[in-house]
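Just one chain follows, in the form predicted alone, and it is written as structure tokens.
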Amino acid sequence: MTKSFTVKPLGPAIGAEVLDLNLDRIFDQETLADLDATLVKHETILLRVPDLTLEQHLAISDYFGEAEVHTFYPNLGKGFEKITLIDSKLGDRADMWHHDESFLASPPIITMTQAKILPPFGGDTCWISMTSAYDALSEPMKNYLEGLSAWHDMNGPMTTALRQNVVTHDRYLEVINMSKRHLHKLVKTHPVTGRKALYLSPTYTTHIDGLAPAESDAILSYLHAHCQHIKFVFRHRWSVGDMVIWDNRSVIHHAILDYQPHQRRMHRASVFDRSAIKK
């Protein structure tokens, strides 16, 4: 129990619900610090806050770092440019396992999403603890991965989106020409907890640097299958007003696309580390 609210764990490896949160105190540093500590411990936290205002949403994101004005998705407009609109009616969806924007040199550290319009069925989101997945690897595999790096590339999902007619050819070329691609270590150390986590996803990770293609493909295939074991997963069935905050440094997620032709609209803020921005 924190000073500001109570916490209910939702899974053995990842996930917790924040109970008895007083939104009138959401601007208080003590409450925000308690949310931060709860997030660090459980990696993904659920807040049932249907009355959350846009100002309060921004207050939470501003505590964690610098919220982005997203390059690809629309936002809520003047004064709320840092709240991204993810709406299936606009063709926006993320039916894939991924870290948010891992193709950047310094990806967001925290992401928070609130449900605004939900379909009558489906639309769940799942999260995987990549720290727990790393911990469960054998010692020989941990030793093998140490020091290896993998490429993360925006091109793969954009090609898929083009094939599915989700984006136009002009939009595809525009994004591809941005060269959104970066090399990251396969095993990263969390800056707060010191825990090691796997850093890869089947969406953005294309290959392991320096390995023969067959070896890289085999290792990545094994790691993807290993990470998706149910014991590392937290799955949430949304209610309108739910907000989920997750640690993008050590968690991948998947918004399940099983609700068409119905609408699913979310408000999202992705937060960058201010110290990384200054560099």
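Just count from 1 along the sequence shown to find any residue number. Note that the structure is a prediction, hence the values are computed from the model and not measured.
Keep in mind the form predicted in complex with a small molecule is missing from the figure; the text below concerns it.
- With the partner removed from view, the residue among Ser88, Thr125, Thr131, Thr205 that has a non-hydrogen atom within 4.5 Å of the small molecule in the model of the complex turns out to be Thr125.
- Checked against the small molecule in the model of the complex, the residues Arg249, His253, His57, His42 give one hit for a heavy atom within 4.5 Å, which is His253.
- Contact annotation for the candidate site: Ala94, Trp238 and Met266 all lie close to the small molecule in the model of the complex (heavy atom within 4.5 Å).
- Heavy atoms within 4.5 Å of the small molecule in the model of the complex map, among the stretches 131 to 139, 188 to 196, 151 to 159, 105 to 113, onto 105 to 113 alone.
- Within 4.5 Å of some heavy atom of the small molecule in the model of the complex lies at least one heavy atom of His98.
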